[in-house]
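To begin, one chain is listed below as structure tokens, in the form predicted on its own.
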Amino acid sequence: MRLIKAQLWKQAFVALACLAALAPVYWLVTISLKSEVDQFAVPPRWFVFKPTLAHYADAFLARSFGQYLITSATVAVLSTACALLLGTLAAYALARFRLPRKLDARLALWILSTRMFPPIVTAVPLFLLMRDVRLLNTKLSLIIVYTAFNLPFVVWMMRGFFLEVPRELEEAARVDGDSRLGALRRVVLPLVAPGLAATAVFCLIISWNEFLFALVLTQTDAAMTLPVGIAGRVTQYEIKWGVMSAAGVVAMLPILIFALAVQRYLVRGLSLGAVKG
């Protein structure tokens, strides 16, 4: 009986956690499908209402949310790719080359420490820098900033994954005539592919949801990202709840699809190196 009660309590807590996590998502989806009359109905119409796609048409046909979506996807994908490329090479160097006085380990900690600064501290300097190089209101400015912002995280994550790969595998490849870069590409990277997938997911989510730098560095529709575009629908006269909810639902889909596509690699990457034999 004690085991049965414990299992029931566990299932109840799991169900409660799922409800708490999914309730806001359900409410967001239903608001995007409700008319304005149903949105403000008292008591709230949780399940019974007449669905409509008018808010989706208003957001992506009458307004510029389609352009915001393309900009967010472009910036997030390119910045994630650049951060993975540069960060993977830096992490491999820190994991494989030994510097005097344990400088390699200290460098890894120093690189990670840059993420400890509040982002607002660098907002004004980055704005002045991008203004001087004439990159304000461009996608390139966001790609550069997001790459720099994600780079310490990539270096820290990938260094841990590289340390779990035995050096003997690379040495065997080099004995067979392969170069160090070739051993990295043909031997090491396939082994840490789950770690790459996990790191890519986190970087993509951070770039996709970033708001502060996109707000500071962009003011035009051509360079504005989806989070800033959604927030722009809150004005002093009205709040377009239906349009904002429709844009929010569409904004969730790319990250959700990508996470599901790399799910098996993501789980392996998060647990890679957790147990040592």
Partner chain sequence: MTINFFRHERALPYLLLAPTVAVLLALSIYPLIYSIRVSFQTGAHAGWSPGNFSRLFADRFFLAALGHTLVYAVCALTFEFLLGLSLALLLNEALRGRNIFRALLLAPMMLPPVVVGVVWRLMLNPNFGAINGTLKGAGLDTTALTWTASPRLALASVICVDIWQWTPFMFLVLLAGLQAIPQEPYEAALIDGSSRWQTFRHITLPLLKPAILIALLLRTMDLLRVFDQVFILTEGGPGFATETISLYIYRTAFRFFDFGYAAAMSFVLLVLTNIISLLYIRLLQRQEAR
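Positions refer to the first chain, counted from 1. What you see is a predicted model, and the numbers here were worked out from it, not measured in a lab.
There is another form of the same protein, the form predicted in complex with its partner chain; it is not shown, and what comes next is about it.
**Q** Is Pro194 close enough to its partner chain in the predicted bound form to count, meaning some heavy atom within 4.5 Å?
**A** No, Pro194 sits far enough from its partner chain in the predicted bound form that none of its heavy atoms falls within 4.5 Å.
**Q** Wondering, does Ala251 line up within 4.5 Å of its partner chain in the predicted bound form on heavy atoms?
**A** Output for Ala251 is yes: heavy atoms within 4.5 Å of its partner chain.
**Q** Please tell me whether any heavy atom belonging to Leu128 falls inside 4.5 Å of a heavy atom of its partner chain, as the geometry stands in the predicted bound form.
**A** Flag for Leu128 set to yes.
**Q** Does at least one non-hydrogen atom of Asn209 fall within 4.5 angstroms of its partner chain in the predicted bound form?
**A** Result yes; Asn209 sits at the interface with its partner chain in the predicted bound form.
**Q** Which residues from 145-176 come close to its partner chain in the predicted bound form, meaning a heavy atom within 4.5 Å?
**A** Read in sequence order, the residues that approach its partner chain (within 4.5 Å, in the predicted bound form) are Val145, Ala148, Phe149, Leu151, Pro152, Val155, Trp156, Arg174.
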